[in-house]
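Encoded as C-alpha cells, the following chain is the form predicted alone, with no partner shown.
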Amino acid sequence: MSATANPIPRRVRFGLIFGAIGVTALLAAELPSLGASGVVADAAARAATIKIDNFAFAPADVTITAGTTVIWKNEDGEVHRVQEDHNGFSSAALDTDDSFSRTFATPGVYHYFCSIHPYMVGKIVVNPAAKSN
C-alpha cells in the first residue's frame, strides 16, 4: 500500500471524470457556434434571436441557414421598427417586450435597420441549407 491514501475510490474518480467529459460534450453539441461577425444559428435550432436594446440590434450581424426563423425582441424602453433595406420585410412598431419574426427561405444577404432610428442597422446572411442524401 502506498504512503498517501486517496480518500475517493478509483471507480468514483473515473465516474466523475467520464461524467464531466459527457456533460461537456453535450453542452458543446447544443451550443450554437459563434462567428466573428455575430451569431451562427444552429440549423437544428431553426431560430435565431436578435435583441433590441439601448438603441442597437444585438447581435447586429447574424449568419443562418435557409429555413431559419429570426426573431427580433424589443427589450428597449423605446418603440422600434425593423425594416429591410429593399422593403422585403418590415415589422409593425415594436413596443417594449414586443417581437417580430421572419423565416428566411432564400439564401442571400439581407440588410435591415430601424425605420424610426435609421442609425440602427444590421445584416442577416442566409446560407443554403445542407442537402440531405
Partner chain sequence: MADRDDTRLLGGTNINRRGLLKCMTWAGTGVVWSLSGGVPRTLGLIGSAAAAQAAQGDVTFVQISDSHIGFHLPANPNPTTTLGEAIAKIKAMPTQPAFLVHTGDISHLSKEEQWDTADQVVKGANKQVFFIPGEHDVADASNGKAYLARYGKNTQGRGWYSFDIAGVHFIALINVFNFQPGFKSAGLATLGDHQLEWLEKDVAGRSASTPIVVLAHLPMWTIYPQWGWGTEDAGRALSYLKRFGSVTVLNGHIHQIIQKVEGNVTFHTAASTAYPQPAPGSAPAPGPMTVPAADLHKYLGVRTVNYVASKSAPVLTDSTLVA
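Numbering follows the first chain given and starts at 1. What you are looking at is a predicted structure, and each value in this text was computed from that prediction instead of being measured.
What comes next is about the form predicted together with the partner chain, which is not displayed.
*Asks:* Since only the chain is shown here, I'm wondering whether Phe113 would be in contact with the partner chain in the model of the complex (any heavy atom pair within 4.5 Å).
*Replies:* Result yes; Phe113 sits at the interface with the partner chain in the model of the complex.
*Asks:* Using 4.5 Å between non-hydrogen atoms, is Ala105 touching the partner chain in the model of the complex?
*Replies:* Close contact is absent here: in the model of the complex, Ala105 is far from the partner chain, nothing within 4.5 Å, heavy atoms only.
*Asks:* Using the partner position in the model of the complex, report whether Val125 sits within 4.5 Å of the partner chain, counting heavy atoms only.
*Replies:* Judged by the heavy-atom cut-off of 4.5 Å, Val125 is well away from the partner chain in the model of the complex.
*Asks:* Flag Ser101 as yes or no: does it have a non-hydrogen atom within 4.5 angstroms of any non-hydrogen atom of the partner chain in the model of the complex?
*Replies:* Ser101: no contact with the partner chain in the model of the complex.
*Asks:* Between 74-95 and the partner chain in the model of the complex, list the residues on our side with a heavy atom within 4.5 Å.
*Replies:* Contacting residues: Gly77, Glu78, Val79, Arg81, Asp85, Ala92, Ala93, Asp95.
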